[in-house]
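So here's one chain in two forms, each on its own in structure tokens, numbered structure 1 and structure 2.
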Structure 1
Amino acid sequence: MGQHKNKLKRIGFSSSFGILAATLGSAVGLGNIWKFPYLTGANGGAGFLLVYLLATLLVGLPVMIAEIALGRQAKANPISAFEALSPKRQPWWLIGAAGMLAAFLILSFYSEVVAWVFAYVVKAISGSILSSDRHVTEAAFNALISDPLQSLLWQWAVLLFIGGILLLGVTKGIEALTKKLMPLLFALLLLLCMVSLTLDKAAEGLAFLFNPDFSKITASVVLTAVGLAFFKLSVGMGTMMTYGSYFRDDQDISLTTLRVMGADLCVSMLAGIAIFPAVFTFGFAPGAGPALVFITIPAVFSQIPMGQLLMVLFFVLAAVAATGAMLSLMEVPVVIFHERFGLSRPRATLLTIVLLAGLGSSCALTNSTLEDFKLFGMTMFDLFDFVSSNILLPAGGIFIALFVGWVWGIDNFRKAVTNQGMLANETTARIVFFLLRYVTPVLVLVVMLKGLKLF
């Protein structure tokens, strides 16, 4: 197995900013650019934001803190971490295995969406998609996703790009890149916001996002906020436990997760400010989902001064957001193959790329060759999304909370969060532990049952 040998040679993040950048890079994804701002606007604006923040404090943050604490304590991959920290002969390591499976399934369809983003960076630079005619932008997008060769080649290019970064290792690869990408992400967002706020109907776009409408806050909206809080912070899939294993021993876990939560929310709100004034100004439906970004955005930018340059910046922004998320997801199987099966890091990375190219091709071809192939009434793209989002991630979150709350125990958790008593945050540790033991598992279970349409 070799996990003990590798544990001694582990290289982690080298700085506090590197830790923050990498962890934030994992949390920020394509969902920040469109889905989160849209859900905020459609579900009550500022009212939904308040519900979301409360849900994050009760669900997302406790599981995130738990994952990072477990990872740092064990200094190992998710499977080995649970083996090392749980009583002998208890199969808690299955949580880590489920996280690895979830990472594979998510990467299989997410890598194809990221492939569209990278393809659109090239299209934006060429100017071929800059048109105010929705039929032109729809035709361009359909031509991309219905071409099996283009779909596969762009997906494989993305996998090789992310794999190349992972080959450089934790410090020189993940940390070095995310330290550059996260400031770039904020800079691009701020630039787009400044342009967007000068548009004719900027006020309508901001009202859509921020005006509180508490009449829209129903039980269903609350569940949406709880589910979003859980999924937004990349918990339940082994990523935070893996990154936690690279944390320095003196890093304040609670403070870091709060900063990640705040910065993640800031990215989402800036994205909303950048996009929705333009959407309202040019008469597009604010409910257009993530896939329709590729149809709507080019038409919007075609009617703005310096539209092509801004469109290039937008898709570069989306590519930056997607890269950080993919790095954390791919690192999960890479480190497991490396530490559990004794493969060198280059071989573990190559094996991960090959497996994802094979599994992901079924998602890449969903809109072309495999258009009519369905399992349980769903395409492979939709099936992988459903299984990971509605079963594996919530189940992972529930069992992580239960493990910390009922197996690992308050003493171990308190020592981990207070850095062996060096930090004066014992009250925080006890509050988070209480949530993990009694509150978080129940809330995540309710979201899981709703996602499976069991009530």
Structure 2
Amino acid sequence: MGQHKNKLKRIGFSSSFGILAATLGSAVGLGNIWKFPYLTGANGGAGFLLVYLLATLLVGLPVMIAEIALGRQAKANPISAFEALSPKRQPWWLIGAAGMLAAFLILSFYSEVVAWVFAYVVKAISGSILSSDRHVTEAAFNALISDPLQSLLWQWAVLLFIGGILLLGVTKGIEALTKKLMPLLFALLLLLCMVSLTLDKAAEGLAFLFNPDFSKITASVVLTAVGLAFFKLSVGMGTMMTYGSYFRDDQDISLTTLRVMGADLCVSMLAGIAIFPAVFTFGFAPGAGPALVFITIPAVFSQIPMGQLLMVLFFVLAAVAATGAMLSLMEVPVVIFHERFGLSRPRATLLTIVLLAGLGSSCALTNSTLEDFKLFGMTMFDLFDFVSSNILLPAGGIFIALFVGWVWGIDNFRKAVTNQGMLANETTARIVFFLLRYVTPVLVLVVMLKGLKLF
């Protein structure tokens, strides 16, 4: 199996901007536009936001730098990379294998939410969901998610679409597309914020987002925030390692990571600023859960000038964001099947799509045929989301941090972060290494055990 990796010629990202766009494209996704607003809404607003910020700095940032450094050093998929970088007979490659499992679980429910987004682009264009009556927009959403055939077909269409882009390859597919899409995303989001800020109760929405109330912060809320930090930055499962393996050797890893983190945060805040004023103005509950965006947004846009056009833009924007994230998620199994099992890239992509169409259907049918099918009291959609965000990604983060901090060591890490001494990143390397060795693993472990009520 492993011998294939040396025979394959690896192609990477070609330019510095391309690297930034692709990495940011992975980080920015429905995590920002769909998950972040509803989790912030459900967990009390600004207090949650603060915990999330801390988690990003102390956990997300170091793990992301670690992953990219490991990936670039090994220039291989996550499983082979750990094998190549760890001492003989130590099973660190299992982190890569767990990452592949996480990718399948996340993709199963994520592709369904992307399916709703794509369906909403079409519905927005046809005008069928434009209504100021929230019961109408609620009924429209419920009609979509409870229709098994529509849910499945939209999900499969999404998988084929993303698979098609992956077939174009890393440079011509992922890099070329994200370079065009990321600037578009920012422009659309800014436009929507400007509209939202002119609404009646904009101030109330902003207060909800920015005035902290710590009474809602429990151990499980902290775990949710940490899980969200991992999910939003696409770390803890080898995605960033995979992208790191396409990084150029002269790219500044820590600077790129900081930029991605900053821009990702900006997109989340802008999404919050676009959504919460609207939620308050039109009398929705901020804690409405996963349906928040799909029910509020149409109701909001139906009440403002040029609403239909703006709504089309909003869902196009969500689709754009989701595309970059989906590409990076699917790239993980594709490159593993390609490099470890010797399948050609097209075959590896096809296999991934077929496996996902099977596993993902358990999430697509969660609101219809499989409504009553529950494991541990959760539907497959909720279970896959819970297991990946609250267990696999944080656990992956702990082991990646431990690997760099205690196995790979400061010398290798410093060389990677300073590009073999070419960049003046010594201090950054030392601080991040300290976090990886002592702070991140302990912090995430305590949060996980407390959040899961294991002690």
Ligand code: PFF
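Because the structure is a prediction, the values reported are computed rather than measured. Residue positions are counted from 1 along structure 1's sequence. What we label the rigid core is the largest C-alpha set whose atoms superpose within 1.5 Å from one form to the other.
Two forms of the same chain are shown on their own. Structure 1 is the form predicted on its own. A displacement of less than 2 angstroms separates the C-alpha positions of G169 between structures 1 and 2, with the rigid core held in common. A movement of the C-alpha atom of I353 falling short of 2 angstroms is seen between structures 1 and 2 when the two forms are aligned on their rigid core. With the core held fixed between structures 1 and 2, G96 has its Cα displaced by under 2 Å. On core superposition, L223 has its C-alpha offset by 5.8 angstrom between structures 1 and 2. After superposing on the rigid core, the C-alpha of T198 is displaced by 3.1 Å between structures 1 and 2.
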